[in-house]
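Next up: just one chain, as structure tokens, the form predicted alone.
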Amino acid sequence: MSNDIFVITEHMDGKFSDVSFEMVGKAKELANAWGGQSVSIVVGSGISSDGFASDSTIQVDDETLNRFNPEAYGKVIEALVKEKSPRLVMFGWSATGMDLAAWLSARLGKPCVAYVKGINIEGGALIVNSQIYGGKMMADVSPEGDMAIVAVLAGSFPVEAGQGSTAATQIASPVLLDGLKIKFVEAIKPAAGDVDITAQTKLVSIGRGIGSKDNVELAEELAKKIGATVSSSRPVVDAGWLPRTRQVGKSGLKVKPKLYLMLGISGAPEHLEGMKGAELIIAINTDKKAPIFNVAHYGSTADLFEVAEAMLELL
């Protein structure tokens, strides 16, 4: 067993996700405390992977890995972990991490901590800070054993700390990838919408607390008054009140407006992943324990309809 830390990076259409760089930066810090190395793991085909600041990068290049396949990726990562025996394996808590982190934990019989917001070394021991109960509580845990697996929430660490120019060592797949039961068929991207919310400087975002489709009009009126566009959390889109092109979050779009005004959004980790980069975050939610207040710059626990109507009157 080594003191190295594996970071399982993520990419789509040749571009690495921010959480990959976030984890690499944190892995370097942790590996230094343990006297080990941070190792970026890139699984794919024909990917330029020399942009990480890790101590080393291993790139598994195989045409079968051209598109994400949980079965194929899982077999490759399991083989590498068994061969190199790192002390910690880091995934992003994303679609990829959800597929692979718990699966690897079960395969290896090693502990896994999800919804991770912080990781530290105290007295040589690993201390992991994780969100529970939808982010309403935080728990510090110390995984038992000689290896642990963590799945990190996007936005938990600085992106810049993981960016660099470490050259990658390219290897062939350590396992045979024929006879897979799962195969990639096609990538279905969202249809073009009436507006690109990722390009907007102001967003009024609504959540389940808006109550019904009839109340969306109130948010649209408020947005118009301040020169903003209406966006939403996933429940609003699932209910059919707004098109999917207006959805912010892990399964929607990532936005970084100058103003992000939220009406009735509790702040689930999946939503936070899509909007934490906003310059000014204002939250209106009657639940004072809603996790959104952990990231909002300003907030109110008053009724969202009263607040919106008062704002309209002032405007």
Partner chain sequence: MNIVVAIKHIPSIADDLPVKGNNVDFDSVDFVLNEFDEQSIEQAVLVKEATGGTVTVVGVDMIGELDGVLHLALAKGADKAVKITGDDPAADSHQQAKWLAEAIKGMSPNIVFAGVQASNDLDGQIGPMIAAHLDMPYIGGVSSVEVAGDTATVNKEFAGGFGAKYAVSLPMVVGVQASTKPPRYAPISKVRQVAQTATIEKVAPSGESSARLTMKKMAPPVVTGHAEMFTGSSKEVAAKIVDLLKSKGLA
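By rigid core we mean the largest C-alpha set that fits within 1.5 Å across both forms. Please read all numbers here as calculations on a predicted model, not as lab measurements. Residue numbers count along the first chain shown, from 1.
Just so you know, the form predicted together with the partner chain exists too; it's not on screen, but the next bit is about it.
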Location of the partner chain contact in the model of the complex, chosen stretch of 167 to 175, 82 to 90, 154 to 162, 103 to 111 [non-hydrogen atom, 4.5 Å]:
103 to 111
Exactly one of I282, A53, L30, I58 comes within 4.5 Å of the partner chain in the model of the complex through a heavy atom, and that residue is I282
With a cut-off of 4.5 Å between heavy atoms, is A199 one of the residues that contacts the partner chain in the model of the complex?
no
Answer with yes or no whether S251 is in contact with the partner chain in the model of the complex, where contact means some heavy atom within 4.5 Å.
yes
Answer with yes or no whether F68 is in contact with the partner chain in the model of the complex, where contact means some heavy atom within 4.5 Å.
yes
Contact test in the model of the complex: K289 vs the partner chain, heavy atoms, 4.5 Å:
yes
For this chain shown on its own, do A139, K258 and V307 all sit within 4.5 Å of the partner chain in the model of the complex, going by heavy atoms?
yes
Could you list the residues in 5 to 36 that come within 4.5 Å of the partner chain in the model of the complex, counting only heavy atoms and keeping sequence order?
M12
Relative to the superposed rigid core, does the CA atom of A154 travel 2 Å or more between the shown form and the other one?
no
Verify the C-alpha shift of L261 between the shown form and the other one: is it 2 Å or more after superposing the core?
yes
Does the distance between the two CA positions of K225 reach 2 Å or more between the shown form and the other one, the core being superposed?
yes
